[in-house]
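Okay, so we've got the same protein chain twice, two forms, each given alone as C-alpha cells, structure 1 and structure 2.
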Structure 1
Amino acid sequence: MMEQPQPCCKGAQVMLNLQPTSSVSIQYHPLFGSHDDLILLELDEKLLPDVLYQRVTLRGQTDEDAVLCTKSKTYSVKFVGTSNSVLLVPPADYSTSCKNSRDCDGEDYEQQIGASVIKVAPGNMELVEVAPRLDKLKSILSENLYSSDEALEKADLDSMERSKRRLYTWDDLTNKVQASDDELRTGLQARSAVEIDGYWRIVDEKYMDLILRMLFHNSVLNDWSLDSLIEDKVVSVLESDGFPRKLAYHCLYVYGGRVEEAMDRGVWKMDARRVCVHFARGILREGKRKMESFMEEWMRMIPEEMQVSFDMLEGEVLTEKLGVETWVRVFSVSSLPSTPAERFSILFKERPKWEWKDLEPYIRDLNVPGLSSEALLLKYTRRTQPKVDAEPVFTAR
C-alpha cells in the first residue's frame, strides 16, 4: 500500500516531494564518505543573491579566522556543531558531476534508487556581522611611508628596488586585510592613503607639512582665497615648486574639500579643523608643551583667514594639570586600536577616570554591529555620578 511509484524516483527531489501514502528508500550514496570538502553555510535570505552571483569572498591569512565579505559588509564565519545526525541528501544527478567517473558511470550508480545520503554533517557554518579588521591596514601601510626622499629619488627607482620595499596594491590589500571593498576604501580614506604608481601609500606627515606650508605660502603670494582655491592653479604652482602632481592634489584632498557648487571647475575650500589639527600635531610631535606656549605657536602657524578654537583638537590632544601649569600633549584617536576591548584598555591605562566630554571623542568611532554605544559603555566601563547634578565619571569595569 505504501509502495506507490514516484514521479521522480531519486535524490533530494523525491524526498521533498514525497506524495501522501507513499515511501522512499533512504540509503548511503555510492560516494558516501566524510567529504570534508562539503561545507554547510547558514545565511540570511538577503545575502543569498550576493553569494550566488559571485559577490562575496572569504578573506584572511592562514593564521587568521576567515571572514566573509560582501561588497559592503564583513562577517565572521563560525562553526556550530550539532549532536544530532544531519544526513545530507544531494539531488539525484549530484554524483554525475564528480570527477571519479568510474564510480558515477559504473554499476554502483545504476543501483541508486530512492534518496541517498552523501555525508553526515557534523554542523554548519554561521555568519555574524563584524566590524572590519582595519588595524592591520594602518600597520602595514605605516611600514613604509611615502617621504620627500622618495618623491625626489622617484625617477631613479628601478622596479627591482621598488619590489624590495614592502608596497601594497589594491589586490594585495584585499588579500591581507579582512574588510569588504567598501570598508577598505573608507579605511584608506580615513587614513589619508593615496594610490601612487599603483601602490596604496600613507604620506609621511613631515612631507605633507612641507606641501601644505608651500600651498599657504603660494596663497599669500598669489592672493588666493583659502575658501575657493582653483585646483588647476594650485596643482601647477606646487608642481613647479617640485612636488609631484599627485601629491599636490592629495594635499587638497586631505586638508580641504571640493566646493559643491563649483564641481566642474575644480574649486576647493581648505578645512580649518583638519589644517589646525595638522599644525597642532606638528608642534606636539616632539613632546608635551605648556598650554600658553603651545597656543602661541599654534596661532602663529595657522593662516590668518582661518578661525581657530581649541575644541577643534578634541580626540587629538589631552590636557593635564601639573601644579599650576596646564600641559597639552598628543593623544590621537586615530592611533588607537579599533576593537572595543583593546580601545578601552588603552584609554583606562591613559587615564583611570574619564569625564563624558573627554571620553566621547575617543569612542564615537567604535563600530560593533548590533551593539549601541550605550551597550558598549555598559560592557566596558563603570559609570559613577558623585552627586545628582555632577558630571558622570567613567572608570574601568
Structure 2
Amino acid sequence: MMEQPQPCCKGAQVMLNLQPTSSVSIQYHPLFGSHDDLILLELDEKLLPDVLYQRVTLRGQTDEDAVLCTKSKTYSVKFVGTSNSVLLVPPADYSTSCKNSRDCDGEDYEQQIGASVIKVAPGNMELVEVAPRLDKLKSILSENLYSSDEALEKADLDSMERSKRRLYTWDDLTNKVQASDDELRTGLQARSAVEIDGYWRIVDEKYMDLILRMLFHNSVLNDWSLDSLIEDKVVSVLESDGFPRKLAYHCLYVYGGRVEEAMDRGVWKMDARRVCVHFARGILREGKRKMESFMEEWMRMIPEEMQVSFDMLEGEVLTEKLGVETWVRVFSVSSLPSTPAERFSILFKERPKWEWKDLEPYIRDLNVPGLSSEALLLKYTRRTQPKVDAEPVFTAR
C-alpha cells in the first residue's frame, strides 16, 4: 500500500488545549506571507451567532467605508492596529504534508510537530454600532417621484422603460443604502415610500394632495366618519375616481392608521396631525406667509371633524417677527441630515440662537448609539440661561 502523507505540523488544533504556563514550538508555514484575504474580526459575544450562521452582510459602495449589518443594526468596521505580534495558525488540513517519508521519520519528525504560522496580523477589525446612513435613501428615491402623469401614462411602455433607469427595487436599495433590513424598512416608512410594480417610490406631494382631497370630498358625499373609514369602501370609490388602487391604500396609510378589523374589513382613522402638516406644507410651498393669513387658509382646509392647533406643526414650520408682524414658513425636520454634525451646522446657520422649545423638535429624532440627547447637546452646543426662570438658549460650540 502507498504510504499516506503525514502532516508536518498539528496546525491550530495544537493551540486549543494549551495551558497558560506551557509552550509550543512554532515555525513558518510554507505558504507564509501577507495574505491580505485573511483579516481578524473582533466580535461582541452577542454578534457571534449572526456571524457564524451567516446572517450578516457588508454594505457600501466603492467610495464609502464599509458597514456590517445584522437584521436590525448597523456597525462601522474600523481597523485597529496592535503593537503585539499576533500569529495566525491555520488548521491542520490547511498545512502542507510530508511527501518524502524521510522527512517524517524519527527525531526530525518529532521536532517538526508544532504550530505553523501562516501570517503575522498587524491588527484586527473592530465593530462599533452606528446609526443607519439613511440620508442617501431620500436622495435616490427623490430622483424620480411617482406623479399623476405617470399614473395616467402607465400603458406607455417606452416611457416606463425610460423611467426605470432611475427606479430601485428592494435589492437595489440594500446594495446602495448602508442600513440593516429593519432600519431600511423604517426609513422607507418614515419617508412615506410605497412599492409600485416592484420598485420603491415616493409619491409626488401634489398627487398625494389630489388623492387626499378626493377622499375628504367623498367622505362628505357619502357621510363617512373620518374616525371610522371602511377600507374597502374608500379604496373602491377612489379607484372609481381614477386613482390606482395601490395609491388609494397608500393614502390611508400615510394620513391615517388602522384601528380595528370589522367583519374582515379594515377600519381606518385619519390622523389629524398628519393631515394638518400636509395642508400647511401646501400653503407654504410658495414661500412664507403672515401668520394671520396662513391660519385663516389653513383652518379652511382642515375637515370640521378634526381638532387642530398650531402646536401640531412643531418641527415643520418656524415663525419669525418682522416689525409688528409674525410670519410663518416651512422648515421641516424631515429635510435635515441625520448625522449630528451636519444637523447642528444647518440649524445654527438657520438661527444663531435657539430656545429649547424651538430646538427640541429638530433634534429629538437624532439617533446615535451610545450618545444621549444631553450628550449631543454638550458636544455641539453651548447653553446659556440669562435668568433662572428664563428659557435656556443654545448657540454653536
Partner chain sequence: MQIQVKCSCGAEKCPEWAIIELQGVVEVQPSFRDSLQNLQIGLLCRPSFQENYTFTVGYHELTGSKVALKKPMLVLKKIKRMNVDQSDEATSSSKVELDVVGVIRQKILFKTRPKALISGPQPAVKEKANAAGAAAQKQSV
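Here the structure is a predicted model, which is why all the values come from computation and not from measurement. Rigid core (definition): largest C-alpha set, two forms, superposition within 1.5 Å. Residues are numbered by position in structure 1's sequence, first residue being 1.
Participant: Between the first and the second structure, which is the form predicted in complex with its partner chain?
Facilitator: The form predicted in complex with its partner chain is the one given as structure 1; the other form is structure 2.
Participant: Has the Cα of Ala375 moved 2 Å or more between the two structures, judged after a core fit?
Facilitator: No, because once the rigid core is superposed, the C-alpha of Ala375 moves less than 2 Å between the two structures.
Participant: Relative to the superposed rigid core, does the CA atom of Pro386 travel 2 Å or more between the two structures?
Facilitator: Superposed on the core, Pro386 moves its C-alpha less than 2 Å between the two structures.
Participant: What Cα shift, in Å, does Leu18 show between the two structures once the core is superposed?
Facilitator: Here the C-alpha difference is 3.8 Å.
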